[in-house]
Structures are given as structure tokens and as C-alpha cells.
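Let's start with one chain on its own, the form predicted on its own, as C-alpha cells.
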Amino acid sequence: MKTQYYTATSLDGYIADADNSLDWLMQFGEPGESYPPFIAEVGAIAMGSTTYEWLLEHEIYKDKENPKPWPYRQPSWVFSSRTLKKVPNADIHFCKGDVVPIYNEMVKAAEGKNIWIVGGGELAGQFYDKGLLDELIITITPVTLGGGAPLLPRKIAAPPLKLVAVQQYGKHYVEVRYEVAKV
């Protein structure tokens, strides 16, 4: 079981632009080839409120007359200090505060499978700060944004991340996998 931060980033290290838009990423279409095997190994999901609200606006309720179902079958935890709208028939837990007690709930719910930190970078950073982040799986896209939501707003220099894999997907994506060193 691993806790993984799996996300896409611009070449200059942003996961969303200054307007919290992902249009720069969506121009490339559906997720890359690595997503199906990745999600098959996920047993629990963590995300911040910005990611959750983006999903509501751009996926679930994009067509208000015909809302889509929650896209994940895994139990999901949404970290937020605000009250957010719940998606009907979705296994979503709203939480706030320290990630450690929630992490323990997630491990139990994942039943030996991995935990996916969907976004954002600050939430992944909180897991890192507590020694709970095991791996970064980052898809790099051929665009620069010049600003926005940073990939991982933490200094990680010593010990450095350990590169464990690099894979090109199509003409646009490079996926890098880094193991987080435990101290």
C-alpha cells in the first residue's frame, strides 16, 4: 500500500492556471495510458476543496439538467474548512484539520490498496509534512502557465526524491515517478 500523489503539471510546475482553469490540460483529451492501471490499484481518495469544486462544476454538474454520477467508486475524503455540496449516492467524507487521523481512516477503507491524493499540491504537501507521502506520479505536459496553483509547494531537497521511472505517452506526455525518501 502506497500513498501516491498522481497529477498532471505544466512544464513550469503548475497544476492549474491563475484562474483555476484546466483548459490547458483538457486540450490533450482524456487521461493518459497510465490512468486505468493506476486507478485499478486505488482503494481510497483524498482531495482538497478546490479540486472537489472543480469536479462539481466541470464534470458532475456541467450539464445541470443531466448531472453525471460521481466518477469514483472508491471512498473519497474531501479536506475543507467550508461546508460543501454533497454528490448524491457518492461515498464522500468531508473532513478538516490534521491529515494523520483521516489518513488512518483512509488506510482502513483502502483495504490494502493505494491512497490517491488527487489534488491539490498543498494537500499533498500536508501528507508529505507528516511523512505519509510515498510516491509522486507526475505527468508533465508541453505547456507553460507562468503562474497558478503550484505542483507541490514544499521544499524537498535533502534527502531528494528518488527517480524510479520515466515514460513517454504519445506526443505530449512524459510521466515521471519519484519515491519519497523516508528519514
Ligand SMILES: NC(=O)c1ccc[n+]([C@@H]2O[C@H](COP(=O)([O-])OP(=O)(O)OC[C@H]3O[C@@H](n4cnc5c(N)ncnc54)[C@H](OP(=O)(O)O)[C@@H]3O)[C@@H](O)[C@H]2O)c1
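When you see a residue number, it is the position in the sequence shown, counting from 1. None of these values were measured; they are calculated from a predicted model.
The form predicted together with this ligand is left out here; the points below concern that form.
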| task | Report whether the minimum heavy atom distance between residue 81 and this ligand in the predicted complex is within 4.5 Å. | result | yes
| field | Interface membership of residue 108, this ligand in the predicted complex, 4.5 Å heavy atom rule | value | no
| task | Using the partner position in the predicted complex, report whether residue 180 sits within 4.5 Å of this ligand, counting heavy atoms only. | result | no
| request: Determine whether any heavy atom of residue 97 comes within 4.5 Å of a heavy atom of this ligand in the predicted complex, and answer yes or no. | output: yes
| Which among 119 to 127, 36 to 44, 154 to 162, 59 to 67 is in contact with this ligand in the predicted complex, heavy atoms within 4.5 angstroms? | 119 to 127
| request: Residue by residue through 35 to 49, tell me which have a non-hydrogen atom within 4.5 angstroms of this ligand in the predicted complex. | output: 48, 49
